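Alright, two takes on the same chain below, each alone as C-alpha cells: structure 1 and structure 2.
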Structure 1
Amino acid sequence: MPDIDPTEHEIAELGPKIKDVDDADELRAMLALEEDGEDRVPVKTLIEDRIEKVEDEGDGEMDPETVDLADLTVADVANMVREVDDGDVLRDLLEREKAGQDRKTAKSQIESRIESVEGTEETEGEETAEVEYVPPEEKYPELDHPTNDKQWVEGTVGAEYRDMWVYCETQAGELVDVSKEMLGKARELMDTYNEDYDEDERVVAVLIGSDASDHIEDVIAYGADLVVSHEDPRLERFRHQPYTEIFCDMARAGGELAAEGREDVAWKDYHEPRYTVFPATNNGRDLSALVQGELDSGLASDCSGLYIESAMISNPAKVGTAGDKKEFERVLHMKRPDFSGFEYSTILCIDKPNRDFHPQGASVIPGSFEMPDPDYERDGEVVDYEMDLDEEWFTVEVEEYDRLSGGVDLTGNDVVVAVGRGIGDDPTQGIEQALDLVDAFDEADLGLSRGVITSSYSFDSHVEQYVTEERQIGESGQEVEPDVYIAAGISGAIQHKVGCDESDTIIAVNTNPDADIRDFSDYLIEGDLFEVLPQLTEAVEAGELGAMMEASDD
C-alpha cells in the first residue's frame, strides 16, 4: 500500500506530493489505486509522467544511439551532444534529425559538436588565406574613435586571466536572493572547471555599498572563496559611476604590481577576471553593461543558463585564417532567449588574434538557478579594498525618496493565474476575470505577460493598480514554480517560458491550438479566455477543477 492514496486528493494538491516520490513501484501502486477508484485521466497522466521521470533518472543519461529525437527539445539535444565524443554517433544523430523534425537549430548543435570532436580536416593542396589585421583607426581614417582616448582601451593579447567574479547585489540591507543563486552556480562551475583543467581558480564575491561588510559572512557561506569589498556611507544607494569605477578598479588591481611585491594587491596576481557574473536586476543590468564596456569586453544579458566548455570556431575574424577552424578552451557558454522569442541562443565571448575579450561577462535572470544551502563553516579570504572616491562622482544628491514597503512576490504562491495579450478585446474584463479565478484559490496571485505591460491597453481604475511591471513573468520579470500555473491568452514565447516552465502543472487557455505554449503545457484548453476563465472559477469554487481537466492525449 503506497503512502499516498491519490483518490483522497484533488489534482492541485496531489502534484507537489507526487514530485517527492522517487520509487517507481510505489508510483505504479498509486496509479493502480486511481484506476480502481475515481480513474481520473489528469491524475493518471500526472502519475505516469512522474514514473517516466523517475525511471529516466534511474537510467542515467539518455543514450544518443537509441534516443527518439522527436521527444527532445532543441535544448535537450544540445545538452545531450555535449557529452558525445564519437563522430559516427553524432553523424547518425544528424541524419536522424534530418529525417525527422529537421530542426535547423538542433542540426546546428550537432554539427558544431562534430566540429569540436573532430577538429579541422586539412585538404591536401588547399590554400588558406590569413586575415590581415588593420587597426580600426587606420582601416576607417574618416571615422572618429573616441574609445582610443579611454585610459583603459587595451589591445591585450595573451594576458593572464583567472577566477569567476560575482557581483553580489544588496537592497535595503539584505543580500538579494539572485546573488545567492549566482554564488551557488559559480561554485558549481568553478569546482568542475578546476577538476577538468587541474587548476585552482576561485569564486570571487564583489560587495560594494554602505553596508558591504555586513554581508561578508553570507557570501562566503554561499560559495565565495574570496570577498573583495568596498564600504562607504555615500554608497547607500546604487550610483552608476562610483559603482562602475570601484568594480573596474578592483578588476584591474594586481597584475604587475603584485609581482613587484605590493602587499596591498597580493590577493590578485593576474591581469583581469576570466569571467564576471551580474544579476539581471534593474541595477545589475546597468552595472554589468557599464563594467563590461569599461573593461572593453562583451556582455550576454538576461541569461538563464551558464556552462564552461570548449568551442570550435571557424569565423576568420576569430581564428585569423579564412577556411580554418580553431578550438577555444574554457569558454563561458551563456544561454539566453533569442530575439525571435521562440528559441534559445548561446552567446560566446571569443578572443581574436589581435585582441583578448576578457572578462567574459553575463547577467543572470533571477530564479534561473537553484538556491544553494549556505555553509557557515566555510573559510574564505577577505579583502577590504581601499580606494579614494572622486567627489565629482557624488555631485547629484538624492535628498528625498520613497522606498516601497512591499512589492509583489509571486514566487510563494500555490497557484499563479497569468494573462497575456488575449485580454485585448476587453482588457478590464480580462483582468477582472483573472482576479476572480485568483480569489477562488486559497494561495494564488495574478501574473502578467510582457505583452500586457508594454501594451497601450486602457484599464478602468479599479483594475489599473494590478497592471504593473512587478507582476511580469518571464525573462525580464519573475520566475515562478507554483503547483498550478494558468496561462490565459499567452502565446508562449521563450521569454515567457523561462519564467514559468518549472511549474508542476501548466494549464494554457488559448484560441490557437497550435500556439507555442502548447509545447510546454500539461493541458491546453482551446477556447476564448473570456468564456473559459469564468468556467474555471466555477469549477474551482465547486471543487471540480480536476474533472474539467480531463482530456484526450491530443
Structure 2
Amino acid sequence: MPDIDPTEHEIAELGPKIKDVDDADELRAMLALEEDGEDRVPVKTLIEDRIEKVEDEGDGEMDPETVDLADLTVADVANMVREVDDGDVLRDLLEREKAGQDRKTAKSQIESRIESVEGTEETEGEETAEVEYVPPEEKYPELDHPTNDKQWVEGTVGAEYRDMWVYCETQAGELVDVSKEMLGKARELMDTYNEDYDEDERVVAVLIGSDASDHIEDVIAYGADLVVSHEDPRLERFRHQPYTEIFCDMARAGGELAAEGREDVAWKDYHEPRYTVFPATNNGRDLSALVQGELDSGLASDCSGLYIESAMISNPAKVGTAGDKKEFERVLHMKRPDFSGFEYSTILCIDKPNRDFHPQGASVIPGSFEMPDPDYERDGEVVDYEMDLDEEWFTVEVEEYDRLSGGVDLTGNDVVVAVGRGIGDDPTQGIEQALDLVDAFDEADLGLSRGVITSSYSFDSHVEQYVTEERQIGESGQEVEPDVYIAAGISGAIQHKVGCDESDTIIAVNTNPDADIRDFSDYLIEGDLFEVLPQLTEAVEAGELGAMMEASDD
C-alpha cells in the first residue's frame, strides 16, 4: 500500500505530492489504485509522467561529461549539475550549452554551480590563487586594438574621490523637477554619510547651459553645498559633445587628469567625484552614459532607489584573489527595476585591484524621490567654472526645434468660442463664422469639441490648421474658465462639460433646446448656428451683446 492513495485526493493537491515520490514501484501501486478507483485520466498521466521521470533518473545515470544537453530540460540540467563538483567538467558543460541551445536559464544554473564549487575550495582553506593581472595587449596579442572589458580611458588606480555630484538639468529655462528630487536625495544621503564616516563631503550641483546662473539660488535651496556652473549662449540647447566635455572637465579639475590651467583649483582637491547622479530623462541618459564612459567608470541607469552601505564582495575579479571575501566601504547601492517591473536589481560599482571604478554613477527615474521643500536661507559656495569651448564641439547645429507639450493655450482668454458637430452641414463655414466672432472680441480664441476633431469633415485649407486636438476642450483636452464661453452646436456631453463649466457665463447655441448643454449653460439660444453666429458677431462689434443677452434672458 503506497503512502498516498490518489483516489482520496483532488488532482490539484496530487501534483505537488506526487513530485516528492521517488520510488517507481510505489508510484506504480498508486497508479493501480487510481485505475481501480476513480480512473481519472489526468491523474493517471500525472503518475505515469512521474514514473517515467523517476526511472529516467534512476537507471540512466547521466554522465555530465558526455550527456547531450539538447535532450535535457533546464530543470534536468539543474538537477544534474548539483551532483558535479569538478569545475572543469562544469566549464565544459557551459561551453557545450553555449554552443548548443544557449539557454540563459541553463547557463545560469551551471554558472552558479561553478561559483559554489569554487567557493567550497575557499572555505576548505586550500591554496588561494592570486588572480593574475594581464594587460589586454598581452592577453590578446593577435588583436590590433586590444581592450579589456572596454578600452581604457584612464586606468587610474587608488586615486582619491570625494563628494556626490548631481547634474541639474534645465529645460526651457526651468530647473526640471527631477533635478530638485535628486538634490533632496543627495542631501539626505550625504548628511547620513558624513555622520556615519565622520566626513565632511559635499553635495555638488552642476549647472550647464545658456542660463545656468539663473538657477544657482534654487539648487542651493534644494540642497547643494557647492554649485559649479558654466554658462555660454551656445549652450542654449543640449548637445552631447559640449555638455560631456564640460562635465568631465569640471569633474577632473584639481585632480590627476585635470586640464591645463585647472590643475589647482581652490574648491576641489581630489581626483574625481565619489558619486555622480544624473536624471534618467532623454538628455540625462545621453549625458550620463558619455560622462561615465569618459571617466572610465560604470553606470547604473534608470534607478529608483539609492543608499550608501558597505558590501561584502567575493568576486575574484574585484577582490584580487579567488576565494577571498572583502568588505568594500561607502558603496552606492543603486536599485533599479528589471525589465518586468516586479523584480529589482541592486547595482554596485566597485574598484578592481588594478583599476578604479569611480565615480559610482547612477541615473534616476523622475518621480522616484520626494520633492524636497526648498530652503532659501541655506548657504552654498558658487564656482563660475571657466573654460574655453572648442568650436569643434558645436559642429552639430540645432536649426529648428519643437516642444511637444505646450501648443495652443486656451486658458487666460476672456472669451472662448467653441463649436461642435453642429457645424456638420458646412464645416468650413462654421469654423469661419466662429473665427469671425473670436476676432470681434479683444482677448478671445477658438475651442472645439472632440466630436469635430474626430469627424470625417473635410475643411478648406485656410481653416484646416485650426482643427487640431490642441483646441479640444474637455476631459481629454483643455480646461478653460473664461468670463464668457460660447458653445455653438455642442451637445454638452459630460466629458466636454468638465472642460468649461467653471466659466463665468456659458452661452449655448443649439437647434435642440433640450440638448444636455442646457443643464449647465446660463443662456441657450435656440437656433441654427450658421444664422446665430454672424448675428452675435454683429452684436459684439456694435457693443450690444449685453443687451442681447438680457433680451433672451426673459
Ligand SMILES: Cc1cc2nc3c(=O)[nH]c(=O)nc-3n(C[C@H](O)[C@H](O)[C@H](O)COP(=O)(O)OP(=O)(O)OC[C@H]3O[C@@H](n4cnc5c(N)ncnc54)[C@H](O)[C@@H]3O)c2cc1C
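Given the structure is predicted, the values throughout are model-derived calculations rather than measurements. Residue positions are counted from 1 along structure 1's sequence. For the two forms, the rigid core is made up of the largest set of C-alpha atoms that agree within 1.5 Å on superposition.
Between the two renderings of this chain, the form predicted on its own is found in structure 1; structure 2 comes from elsewhere. Taking the rigid core as fixed, one finds a CA shift for H240 smaller than 2 Å between the two structures. Taking 2 Å as the criterion, R421 counts as shifted between the two structures: its C-alpha moves by at least this amount when the rigid core is aligned. For Y161, the Cα coordinates differ by under 2 angstroms between the two structures after the core has been superposed.
When the core is overlaid, the C-alpha of V498 ends up 30.1 Å from its other position between the two structures.
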